[in-house]
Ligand SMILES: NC(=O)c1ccc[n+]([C@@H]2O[C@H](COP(=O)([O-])OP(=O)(O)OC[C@H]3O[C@@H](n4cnc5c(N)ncnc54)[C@H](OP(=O)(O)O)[C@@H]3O)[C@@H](O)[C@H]2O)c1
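Consider the single chain below, provided in structure tokens and representing the form predicted alone.
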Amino acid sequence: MESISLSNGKNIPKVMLGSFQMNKESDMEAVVEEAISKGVYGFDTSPSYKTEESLARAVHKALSKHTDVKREDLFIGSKIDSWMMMEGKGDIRKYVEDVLERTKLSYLDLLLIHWPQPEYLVQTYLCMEKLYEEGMVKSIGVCNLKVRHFNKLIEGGATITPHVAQNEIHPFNTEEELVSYCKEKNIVVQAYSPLCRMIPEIKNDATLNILAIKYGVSVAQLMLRFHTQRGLVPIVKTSSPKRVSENTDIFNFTIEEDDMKTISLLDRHFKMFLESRCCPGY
């Protein structure tokens, strides 16, 4: 799997696998095994997904089979959820120590603030900076932020520019302002829900289907390639090992510039996860 260099020199895979709503341990094992066997080494989890431990067990099991693949070859990211920010008043060290102990991982490749809880956003990020400097986490970043939140971090005394920003991005929500800002600041953007959950409106969209036929790919592959050509890292979730190959086999074609613009025109600021619901005070 090709990778992108973060501002700290660490490499992040160009496509990562998500674990949201992957509740069956057998599915997790099968997907992780297929991923690692195909050279797909990026995985995303969160305490709120309740998949941190099952993902880690699947990773450890796969590594025991694939002795040519080492832990340092993988890129595993998790998050700090809102309740942790509020309960710890921004001091989230114990939660990171806990997840490392539970997962038997000596470090996380990426730690993200899940939602920008206004009262503890800055304090949490400053604590993450310390964990990063100590090597407990190898990269740090944020999720679901707007440009104004980045400014708040700077005003609050943050000294490390986030290495990664993760937001909901798909053809119906292209987040042009955020992506442009992050490119200017050398922040790599991850796209969650990159396929917009394949809701009927996007699955049956005429433009996407016409272009998928043109390039001889599926609508899902077209959308994922759209993201990677924008320089984004899509986080795609599947419980099917077969889909792992399909969702990551997207680098053997290039979408023409005019077609990239056409897909961008589908933007309608549609979101699956509304900030007002997920983060009161956003």
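Predicted, not measured: the structure shown is a model, and the values here were computed from it. We number the residues from 1 along the sequence you see.
Below: the form predicted in complex with this ligand, not depicted.
- In the predicted complex, this ligand sits beyond 4.5 Å of every heavy atom of residue 225.
- Residue contact check for residue 163: none of its heavy atoms lie within 4.5 Å of this ligand in the predicted complex.
- This ligand is not shown here, but in the predicted complex it comes within 4.5 Å of a heavy atom of residue 193.
- The shortest heavy atom separation between residue 54 and this ligand in the predicted complex exceeds 4.5 Å.
- With the partner omitted from this view, the residue of 150, 115, 120, 75 that lies near this ligand in the predicted complex is 115 [heavy atom within 4.5 Å].
- Of the listed positions (183, 89, 197, 71), a single one reaches within 4.5 angstroms of this ligand by any non-hydrogen atom in the predicted complex, namely 197.
- With the partner left out here, this ligand still marks one of 209-217, 34-42, 245-253, 59-67 in the predicted complex; by a 4.5 Å heavy atom cut-off that stretch is 245-253.
- Counting a residue when any of its non-hydrogen atoms is within 4.5 Å of this ligand in the predicted complex, the hits in 10-32 run 18, 19, 20.
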